[in-house]
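To begin, one chain is listed below as structure tokens, in the form predicted on its own.
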């Protein structure tokens, strides 16, 4: 199975963590924004990442890929079969993908991607507004919602944890990491998730990449 994407994408990061937790073998083929790679274009008609080629079956979008793989490889269970827990996991994935990642994306894209990867100015005002107005509300909600178990749903690791923790790395890249004094529950929870063997090596790889880009640009 081939996965197309960049390790700096929160959606690719979520998928890589999921694949690691499931023990599914894959090859990561690195692609960038608008990449002309024919395999990537075939798997992702809208050029969105990640995309997948599973022995000829092609699919794009991290959620679509994960739900496909969960049906194909049901154990260990990352999307619970219990109706209430499943609903909670779907909500948290939605929160991570469309709310949290959108906020972190305004900061990461405008401060890192646009100037360092695309060679053009980012909208620094939009990034500052996201950090000052949007982010504190989201972090306050998450801080209050994290259970004592240290997992978002069902007292065990699920897709919810991977989806919500993933955008935190993009925040860290652009100087907006979690303050453990202000958000102790988020700091402890995310530290445990992001240090897992399924995610830590990929995060280390992208941190080296970002550091190199910042040094040479």
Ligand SMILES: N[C@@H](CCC(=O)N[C@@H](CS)C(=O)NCC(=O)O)C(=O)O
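Numbering follows the first chain given and starts at 1. These figures come from a predicted structure and were not determined experimentally.
This next part talks about the form predicted in complex with the ligand, which is not shown.
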The ligand contact in the predicted bound form: residue 10, any heavy atom under 4.5 Å: yes
Does at least one non-hydrogen atom of residue 29 fall within 4.5 angstroms of the ligand in the predicted bound form? no
May I ask you to check whether residue 48 falls inside a 4.5 Å heavy atom distance of the ligand in the predicted bound form? yes
Please determine whether residue 42 contacts the ligand in the predicted bound form, using a 4.5 Å cut-off between heavy atoms. no
Looking at 172 to 180, 188 to 196, 58 to 66, 152 to 160, which one sits within 4.5 Å of the ligand in the predicted bound form if you count heavy atoms only? 58 to 66
Along 165 to 186, which positions have a non-hydrogen atom within 4.5 Å of the ligand in the predicted bound form? none
